[in-house]
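Next up, structure tokens for two forms of one chain, structure 1 and then structure 2.
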Structure 1
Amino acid sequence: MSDIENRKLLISIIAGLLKDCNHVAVGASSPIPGAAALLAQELWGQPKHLNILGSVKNNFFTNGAQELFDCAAQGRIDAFFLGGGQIDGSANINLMGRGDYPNNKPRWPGTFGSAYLYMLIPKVILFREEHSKRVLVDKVEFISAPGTSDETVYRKGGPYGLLTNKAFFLFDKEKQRFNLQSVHPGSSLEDILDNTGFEFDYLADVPTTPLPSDEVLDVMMTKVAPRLKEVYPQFAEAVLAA
């Protein structure tokens, strides 16, 4: 698959994960999750409420991240997206950098409320295009946001799954580990095992991720791309309209 085809596949996968959500929020610099949320709206009318930070037309927040945090605390957001420079098998994410804190080299952007949102939003989808042992590590070097918490800790939010450019995993909260659900076309179970730094559960005959239908691709091009252009014009033109 080409990079454009792979990104369209990722958009279609995420859209399917959002069709049971009423309110979805998408952070800054997130064109693929943003496109996916718009696609879900166009295909199923869900999520009914959508906030893409940085957008004007697809965002009813008037006070940016502060309002996002308030809504999360009130239990009014069903799904959100988090990534990380490192993600480990317990769904911990590292947004600070490699090496000993505070002298990380390289130094990444920082946590910016990720731990707060991770604790409050029920369906947090971990998303990182790169699938490598550099990113998917056995144990993160710094925990910006914990994937799991002690049973004495009040927590209604947490990881739902992990999506990369090679595969999709669900997170088993009881086992506190990932379970491989499907492998994208062009990859294989052996490829996933070779490029994942943490252990995970899987079936020997793991399914192949289905490609988006012609109907879904048409909706991406004719309905989603015009809406996404307002906040991500280059991505909409290069990927969705291609």
Structure 2
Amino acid sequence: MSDIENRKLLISIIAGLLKDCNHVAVGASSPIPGAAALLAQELWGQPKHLNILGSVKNNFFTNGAQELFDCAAQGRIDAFFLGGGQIDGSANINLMGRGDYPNNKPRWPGTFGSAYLYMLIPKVILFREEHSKRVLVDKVEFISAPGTSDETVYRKGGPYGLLTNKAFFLFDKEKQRFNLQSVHPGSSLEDILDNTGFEFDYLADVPTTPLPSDEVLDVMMTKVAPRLKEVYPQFAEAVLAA
């Protein structure tokens, strides 16, 4: 499976997760989630409302940079994407850095809005292409945003699942563990076990992630690529239109 095919697969998986959403927001430097949200709109007319950071045409916020956070706190954002330099088996994410805070090495950019949005948006999809023990760790070295909270803490949102270039996991909120849902073509359960730094639940006969249909690939090329070009011209050209 080529990198391009893999990315198209990721786009189609995410799109499927967004079709029950009214309003999806996509953060900075996120061409794959952005493409996925546009694909869902093209295929199902949902999400009805979409904000892609950096876009003019697909960004309706008019109340400044705080509107994303206000909107989430109002319960008006159904899905969002978070990544992390480290993600652990309890769905904690680390955007701060490796080593001891505050003198991290390396230091990553910082926590951004994750400590807030993860607590408030119902369907947060953890998305990180790299699937390795370096990223998927047993315990993050800094919790930018926690995967779970005890019941006294106000929490309307949290992790829905974790998508990498090898597999898709659902997060089981009861067990506070990831559950492997499917493995992408080209990988295997063994490959996932070898490259994941945390324990997770799985079935021995874990399904293979289905490839996007020709119809879906055609919509990516003819409908999504032209819309995504405004924000991610190189990605739209190199991946979607290829």
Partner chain sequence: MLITLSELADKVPDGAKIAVPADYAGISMAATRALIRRRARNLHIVGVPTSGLQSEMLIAAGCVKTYESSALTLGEHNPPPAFNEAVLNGSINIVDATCPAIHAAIQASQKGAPFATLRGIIGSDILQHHPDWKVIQNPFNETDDPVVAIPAIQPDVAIFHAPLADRDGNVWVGRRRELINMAQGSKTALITVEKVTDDNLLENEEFAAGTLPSLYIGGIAHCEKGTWPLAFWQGEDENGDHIRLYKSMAKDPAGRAEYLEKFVFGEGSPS
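Shifts are known only where both forms have a C-alpha. In this text, rigid core is short for the largest set of C-alphas that superpose within 1.5 Å between two forms. Only a predicted model underlies this, so the values are computations on that prediction, with no experimental measurement involved. Residues are numbered by position in structure 1's sequence, first residue being 1.
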Panel number for the form predicted alone: 1
- prompt: Once the rigid core is overlaid, which residue runs, three or more long, move by 2 Å or more at each CA between the two structures?
  reply: 62-65
